[in-house]
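Listed next as structure tokens is one chain, alone, in the form predicted alone.
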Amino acid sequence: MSLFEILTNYTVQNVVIGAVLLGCVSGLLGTFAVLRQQSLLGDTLAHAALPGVCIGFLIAGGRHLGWIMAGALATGVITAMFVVLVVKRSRLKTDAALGIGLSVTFAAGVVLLTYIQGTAGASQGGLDSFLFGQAAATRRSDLWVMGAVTLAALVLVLACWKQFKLVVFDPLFARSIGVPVVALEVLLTAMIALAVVVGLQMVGVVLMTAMVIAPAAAARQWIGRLEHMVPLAMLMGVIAGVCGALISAWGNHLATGPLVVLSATVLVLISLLAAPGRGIIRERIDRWRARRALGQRQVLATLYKLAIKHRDRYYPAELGMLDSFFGLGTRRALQRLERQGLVARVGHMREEGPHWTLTDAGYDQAQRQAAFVTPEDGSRDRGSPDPSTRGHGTSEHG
């Protein structure tokens, strides 16, 4: 099947539009979950949606997406309230309360699902697809529901942007100026449940956690400001959704939901490795540069101390002695310092090997470096040699 045929296919168009809506709402609300360090909350709410799916099915008497999403949202919000109540009223930590909510609601959902599958009627067929999603079953009418939920979430976030920002970054200050922190936290949690509900048809309750967390986690690696992180997380969610949908359409019998999650995972891995500020590669490069700079400063400090000890500003230090002192080769560090004009090679007792001495610029920098390290040491300059003193007068410098 060519790309044109894929894009003009009615089912694929529905899936791609649904993936775009899912990516938008996941990135938008997942950002607040990641910044509030409540990633496990998304997992709990995703599993808590299963009994709501079954209850919505029982109330509607069939596979009606509106009732199913309403039921999933209700059980998700109730579970979130349960977690908040347990944390506030008991000594249990948040992770323990989330674990209880996740296991209890998922067990209840499996029981209800088993009950529905055991009843007569063909309409319950495919209800278990909400566990892992069934994107191909998305209808145009389902997209209107998903679009309305996504638009409602976007409007709500824009309307309460300043309040949400305060609650996320400084809840104590927000409470001190009269912001209803608890109410806003409950609202944010309910909205995360809303994001889970949107993804039921596409990804399913089991994998929806990844869609809530992955785009925001990837965006967090690239950008620190909330104003920029939210649209980037939405963009990454859209990219993951569209890529997963197109790969699923391109291949044969490949599930769309898992492919969407795998696409989001690839974005997270790329961000973890290559992000300029927080990426692992950049961190390793910065650490390597810091170690190299530290080695240069240590070599410079050693040459300075030798100059002070021998009262000779241009005291020539043998390369072999420096290697023995540091326990490793210092030639490259000296060569880098030479290119910076801080040290110079000198011809001194050639039978002992190459020697190095500080230049005037190197001596001044080492002196500032020593003063910065030991500012309280008033005796550090008592042995400072006269700059005009030139011992071992075979220096090639100056």
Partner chain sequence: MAAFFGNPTLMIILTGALVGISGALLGTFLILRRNAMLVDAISHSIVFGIVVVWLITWATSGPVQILGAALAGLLTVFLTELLANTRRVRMDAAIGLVFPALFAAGVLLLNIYARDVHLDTHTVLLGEIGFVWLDTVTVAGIEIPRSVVWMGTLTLINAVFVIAFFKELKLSTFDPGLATALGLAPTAMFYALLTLTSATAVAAFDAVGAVLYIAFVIVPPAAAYLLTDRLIPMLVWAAAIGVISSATGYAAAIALDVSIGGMMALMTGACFGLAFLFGPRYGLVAQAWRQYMRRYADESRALVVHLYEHEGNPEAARENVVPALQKHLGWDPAKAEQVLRRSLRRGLVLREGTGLHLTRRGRQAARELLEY
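Residue numbers count along the first chain shown, from 1. Just so it is clear, the model here is predicted, and its values are computed rather than measured.
What follows is about the form predicted together with the partner chain, which we do not show.
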(request) Could you check which residue among Ala249, Leu98, Ala219, Val167 gets a heavy atom within 4.5 Å of the partner chain in the predicted complex? (result) Leu98
(request) Select from the listed residues Ile308, Leu319, Val110, Leu187 the one whose heavy atoms reach within 4.5 Å of the partner chain in the predicted complex. (result) Val110
(request) Considering only heavy atoms, tell me if Arg225 and the partner chain come within 4.5 Å of each other in the predicted complex. (result) no
(message) Using a 4.5 angstroms cut-off on non-hydrogen atoms, would Thr330 count as touching the partner chain in the predicted complex?
(response) no
(message) How about Cys243 - does it come within 4.5 Å of the partner chain in the predicted complex, if we only consider non-hydrogen atoms?
(response) no
(request) Considering only heavy atoms, tell me if Ser176 and the partner chain come within 4.5 Å of each other in the predicted complex. (result) no
(request) Could you tell me if all three of Leu40, Leu85 and Leu207 have a heavy atom no more than 4.5 Å from the partner chain in the predicted complex? (result) yes
(message) To test your reading of this chain, name the stretch in 298-306, 67-75, 159-167, 85-93 whose heavy atoms come within 4.5 Å of the partner chain in the predicted complex.
(response) 85-93
(request) Could you list which residues of 258-286 come within 4.5 Å of the partner chain in the predicted complex, counting heavy atoms only? (result) Pro258, Leu259, Val261, Leu262, Thr265, Val268, Leu272, Arg278, Gly279, Ile280, Glu283
